[in-house]
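Same chain, two forms, each on its own as structure tokens: structure 1, then structure 2.
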Structure 1
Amino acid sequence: MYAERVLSGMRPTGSLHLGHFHGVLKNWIKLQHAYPCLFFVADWHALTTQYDNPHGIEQSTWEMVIDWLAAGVDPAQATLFIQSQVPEHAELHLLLSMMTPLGWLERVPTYKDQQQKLDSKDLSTYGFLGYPLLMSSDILIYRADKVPVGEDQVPHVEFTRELARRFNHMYGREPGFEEKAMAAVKKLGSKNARSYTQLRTRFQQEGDATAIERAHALLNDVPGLALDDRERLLGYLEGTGKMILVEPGALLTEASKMPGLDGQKMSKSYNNTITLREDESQVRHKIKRMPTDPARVCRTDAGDPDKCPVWQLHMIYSDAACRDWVQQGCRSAGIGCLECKQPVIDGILREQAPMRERAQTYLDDTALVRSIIADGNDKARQLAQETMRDVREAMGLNYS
């Protein structure tokens, strides 16, 4: 069995905003304490839509990494790296492209959606068509079994699972697989070998799913069992071959509920953002200029918080007592809009304060950021090279 491992990445878009923090980074920070995590800058993915103007990608990468570190992503707990600095991603992408049916790529839901959204750009390129395959390569190269995604990204994870299954089926039958699997059974010892054989028969002849679970538990408890033998026994158990690429599972994450300054979802495309390290005076200025309930023309007019974008921010940054104060004060015209906005300003600045403090360390010493990424690149590449050795061997390309 391969170790539990989480993989997630972001395209380099420069400075991140509070929507990124609440939608992605808070989850990363939680996951880094629970699992081995790899978080990467998806700079090659940026080229799928930015191929005609790639010059800002490098600067955007460093800005984004500083935001990760400022938010609390810890390089001592997680591996941070840049996709293009681990060329094995591209090698696996190339090899998988040889066996991926074209129809699989064309049916990925986001393919046509993105083409429609970005209709001003020529996206009739292989890079754009093949980006789900590159995404799958990013996951499979690390044998990551957990991928945190939103509901709309689940089809990408399922696509990756199908690819891994197809690869293992096509190339997992190493020469002499049956003989090697039977030899591995004998290494279990007579009692365990007998139990394993019975469980295999129950699964393959009766379809008993509990037999699979019990067999996995049995193999986990056998001391000193070599990884190759374990993988052969797992493949033999399920009637496949040796498992080379791991089928990942989707870790469903909630969609970001962070509203923008106009009440829509916070997004750079809507020009309604507050960045993670926005200057304090700018935060105050932006919040004070936020639109409110249009019914409150004068200070004495009663309003309805449910029709005011500021209320959505109170739902994130204010406690129950403050929210009650807003509801009563707004509906009775007991408070003005500027009074109502002040607790939101205070809440955002309170959230940003530790981010600014952490970021300053890296802004003062940019070599430290590059050192963290260089170390992460090395760690990621070691894992990727292990996978590629097995992939090349399975495909008859090791030439050793």
Structure 2
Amino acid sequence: MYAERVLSGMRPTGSLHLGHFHGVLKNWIKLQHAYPCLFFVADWHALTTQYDNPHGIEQSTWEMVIDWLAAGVDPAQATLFIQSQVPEHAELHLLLSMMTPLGWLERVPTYKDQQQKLDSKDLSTYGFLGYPLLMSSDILIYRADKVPVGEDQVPHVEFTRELARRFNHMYGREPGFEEKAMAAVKKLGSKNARSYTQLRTRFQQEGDATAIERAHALLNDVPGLALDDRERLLGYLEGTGKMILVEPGALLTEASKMPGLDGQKMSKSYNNTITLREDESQVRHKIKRMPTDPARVCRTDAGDPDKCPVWQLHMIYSDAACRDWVQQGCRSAGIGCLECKQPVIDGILREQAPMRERAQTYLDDTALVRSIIADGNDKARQLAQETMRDVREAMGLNYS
């Protein structure tokens, strides 16, 4: 139940570019081997800013899912799903909204920032203010403890931690908690009970965080421990009430070093991207058109790779020998810029080849993509329903 679990979401932006691949997707692909992972399309999140023009969202969702699969996100290892197809996210969002202080939402740094940045649009909506809470619901509903995100999203994960703590504190305080927790300790068996008690003391008296981790591991390994007892024992460790929602941690994704065609960060809004499955001829064309060191007006002028965006691509795609060749050739005017660009073109095409191939399988068989997502939706819904049962009960909505 509390096994380590990774969850991350992406807004449906349509086709992804190589910046997404190097920044986010490579990380997901690595994580899917190491942990149970859930990756989802945050289509409701798209509506928080695109509510006035929602019709492209569905198309963008499918395109993005194909890009995930093309990049090597493996549905046999990770669960892929669409947020709106698991309506439990909305129920949790609603229930959490009852106990979320308005000030917490207003203080989230992206709130005022984004409102100002996107000032052509009216973002003084309820949905936009509540967007971090929706993200919290996405995370908490799977009791995910690892959330890979970029730096801009770290405050949202922090917000989620605080909310989980507040929730557990408020609703985990059942009558007779202490007695029930002690009874649960006894059920661990004498050896485990002793270790648990020692670890709890170590945490409470010395603040030793590794003690908490070890105690969590211990509770995970005890066979046949009832769910509510597990929640009590987890909460009792830290001295709060039952731990119904799990506090997640951010797994910071390193900012992508992928430069765009103009040397700025690759981004759709700068119009400097190469998409994951960009046409081969387009790749050649775009790289050939790339600006180079402005000092190299003529072929005979020497250049400086440090002033050239093509060099940044060599840093990603070329080996040491090739980079030496560029450094020497550029500074001595020994090579021309088109010549210099060829290994970059080759490198990108080589990287894209397996993605193009995988994508083709899915483009030829869209039913396969739908069934991967349908499976993922089912798996996600099952996990979400487990959490919702506990949340409803904790909030006094258990009409059984």
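Between two forms, the rigid core is the largest collection of C-alphas that superpose within 1.5 Å. Note that this is a predicted model, so its numbers are computed, not measured. Numbering for residues begins at 1 and runs along the sequence of structure 1.
Here the chain appears twice, and structure 1 is the form predicted on its own.
With the core superposed, residue 209 shows a C-alpha displacement of at least 2 Å between structure 1 and structure 2. Positional change of residue 191 between structure 1 and structure 2 reaches 2 Å or more at the C-alpha, relative to the superposed core. Residue 200 shows a C-alpha shift of 2 Å or greater between structure 1 and structure 2 [criterion: core-superposed Cα displacement of 2 Å].
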